[in-house]
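Shown next as C-alpha cells: one chain only, the form predicted on its own.
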Amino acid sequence: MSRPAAFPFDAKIPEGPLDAKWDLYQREMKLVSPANKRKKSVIVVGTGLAGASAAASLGELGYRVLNFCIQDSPRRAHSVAAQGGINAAKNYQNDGDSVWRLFHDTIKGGDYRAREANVYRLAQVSTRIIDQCAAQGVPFNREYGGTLANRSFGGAQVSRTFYARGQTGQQLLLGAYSALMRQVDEGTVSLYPRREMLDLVVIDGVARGIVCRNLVTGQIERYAADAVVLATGGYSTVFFLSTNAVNCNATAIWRCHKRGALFANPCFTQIHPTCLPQAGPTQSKLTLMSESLRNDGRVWVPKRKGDDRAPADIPEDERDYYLERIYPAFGNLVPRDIASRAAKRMCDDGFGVGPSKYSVYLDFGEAIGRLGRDKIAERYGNLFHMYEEITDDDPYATPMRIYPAPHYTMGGLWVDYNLMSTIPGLHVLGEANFSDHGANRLGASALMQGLADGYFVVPSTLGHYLASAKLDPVDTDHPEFVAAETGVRDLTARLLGVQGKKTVREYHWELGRILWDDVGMSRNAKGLEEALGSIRALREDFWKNVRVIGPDDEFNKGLEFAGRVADFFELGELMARDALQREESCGGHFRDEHQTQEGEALRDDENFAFVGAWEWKGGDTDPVLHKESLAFENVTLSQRSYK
C-alpha cells in the first residue's frame, strides 16, 4: 500500500514534551477579557455530560450561551444511563497508578489508534474532574474511613474507577445539571429543550449558527452565534438495537459532516460484552448491565456443547471460565472488545446458554460466598434489582445471562487538539468527536472524556478561537440562514411526500440487521461488499416506499425518526466503506482476514497507523479519505496482550 498523502488539515498538536504540552499551550493561548465575554455568544447543542458541563462552564465565564437538547429536560440526556464509574489517576489505592499509567492503558486499550497528545491531556485533567464533581455534591461511594472508593475496570490492573453504586452517570449528570441550571438562573445560559438540530449554518467558511425543529410545535427555528459547540453523543442506534436510548441519533454530526466537517473512523464502534440478550423481534433497544459487574462476577459457559441443565446443576469441574482460562493476567477484566469477541466465539461454537443459545453466564456465587450478600448488594444492588425486574430471575440466586451489544462509538467528527472540527468555529465534544479512545474505549472512560472536554478543555480552546477570529455580526436573516432553513423544509416535504407502504421502523430494523451481521463484531471483505450493496438498495427503496404520516407543523415522532433514519443510511454506508479500506484488525474493528493464530486482532502499523477522516463530496460522489498519520514517540507499539 502506498504511503498516505500529506494530511491537509492541521491537528495543532503543541510542541514540547508530552507531559508539558497542555500546560505550555495554555500559557500561549489568547484570552477574552471578562467585559468582552459578555459580548460573545456560543451555541451548545447537547446537555449530556459534555454539553451540560461546557454550557455551565462557558456561562460561568460570562459568555452568552444558548443550550439545546432534544429531551424535555437536560436530566434525560443519555449520560444518565452510564452505570459503572469514571476513571481518574488519583492513585488513592497506592497500587501504582499515575497519569502516565492511565495514559498508557488508554492508548493500549485503543489498540494504538489514538493521538498521544490528546490522550495524555485526558489523563492529566482526569484528576481535576473528581474534585470538581465531589464539590458539586456527587455522592461517590466512600470507604469506611470516608475516603472516596475505587474499583477496577477492564483493561487496567489498578483500581482507578470512582463510582456511585451502579448509577454513576446519573449522579454526575445531576451535578453538571445543577451547575447548568445555576447559570440559567443567573441569565448567562438560555435553555432550549425539545429542539432537534437539523442543519449547521456556515457563513464565509465559519460556523455561525444552527437551524432547529421545535419538536412540540413543528416550527423551524434559526439561531445565530459566534461559535457552535456540538455535544450530541454517538451513533450506535444506527444498528437499531443498541444499549443507547431510542432517541439517540447521528443527525447533528451527520448534517455538519455534509457541511464540510470530516468524519473520522466511522467503523470504530464498540460492542459491549455485558448486556441482556435480545428477547424478541419487537424489542426497541437492549439493556446494558454495567462492566463493573465483572469485578466480582465470573463469566462462564458449560464445557459440554448444548448443555441444557440449570446453572446450579452444572458442577464446577464442568464449567469453563473461559476469560480466566484464556487471559489469566486480566481474567474477567479484559477490555470490552476482547470479552465481546470471546463470548461470540463461545456461542458460535455451540457453548451458549439460554433459550437462544446466544448468551453466557455472569455468576456472582463465588463473590457472595466470599464477601456476603450485603456487600454485593452495597456495590451493585440497583443493577441486580434492574436485572430481576426485566428477566424475573434473581441474580443473587442464579447467574445473569449476558451477550454483547452495540454500545459506544469511537468514530465521530474529526477534531484537532483544540477540539475544533475542519469547519472553523465548530467545536465537537465527547462521543460526538472521534475521541481519545482509538479503536476501543476502556470502560469508565466515556464519562471522563465528556467532563474533561466540557469542564476543562473547551473553555480554554474556545476562548482562544474567539480571541483570534475576526467575526462580523450576523443575524438570522442572513441568506445562509434562509438557505439552510429552505433545505430543512425541502427534506421534510420529501419525507412526507413519499407516502409509501413501509414504516420508518421497518427500514431502520432492516438497516440495523445488515450492519450487525456484516459491520458488527467481525467483518470481512465479502460481507462488507455485500453490505454496501444492500444498504444502497435499501436506501433507494426507502425513498420510494417509506410512509411518514402526520403534518410537519406539530408534534410528529414519525417525522423525527424518518429524518434520522435517512441519515443512518448514509452513515451506515460510510461505516462499511471505512471498514473495507482498513485491511487490519484493531480494537473493535475485527477483520476475519487479519487475526493472529490465537484469534486475536492483528494490526498493520506500517500501513494503517492513521486516523481515517472522510470528506463528503455529495450523495452521488464517493467520499474522499484523508489520512492523519499517528506518531508514537512515547509508547512502544506492540501486539496487545492481556494474558
Partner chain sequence: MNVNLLIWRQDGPDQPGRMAPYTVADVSPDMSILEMLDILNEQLTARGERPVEFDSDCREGICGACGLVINGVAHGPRSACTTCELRMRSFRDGETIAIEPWRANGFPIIRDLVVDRSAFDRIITAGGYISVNTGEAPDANSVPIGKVAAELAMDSAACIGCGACVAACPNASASLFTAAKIAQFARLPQGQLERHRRALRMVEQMDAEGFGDCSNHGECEAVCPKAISIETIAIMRREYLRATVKSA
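Numbering follows the first chain given and starts at 1. Please read these numbers as outputs of a predicted model, since none were measured by experiment.
Below, we refer to the form predicted together with its partner chain, which is not included among the displayed structures.
Look at 337-345, 361-369, 512-520, 380-388: in the model of the complex, residues with non-hydrogen atoms within 4.5 angstroms of its partner chain sit in 380-388. In the model of the complex, at least one heavy atom of residue 392 sits within 4.5 Å of its partner chain. Interface residue remark: residue 485 is not counted as part of the site for its partner chain in the model of the complex, having no heavy atom within 4.5 Å. Taking the partner from the other structure, its partner chain in the model of the complex has a heavy atom within 4.5 Å of a heavy atom of residue 554. Using a 4.5 angstroms threshold between heavy atoms, residue 134 counts as touching its partner chain in the model of the complex. Proximity of 80, 90 and 170 to its partner chain in the model of the complex is complete: all three residues have a non-hydrogen atom within 4.5 angstroms.
For the residues 204, 185, 316, 475, the 4.5 Å heavy atom test against its partner chain in the model of the complex is passed only by 185.
This chain is drawn without its partner chain; in the model of the complex, the residue among 174, 426, 466, 197 with a heavy atom within 4.5 Å of it is 174.
Contacts with its partner chain in the model of the complex, taken as any heavy atom within 4.5 Å, map within 134-163 to 134, 135, 136, 137, 139, 140, 141, 142, 143, 144, 145, 146, 147, 148.
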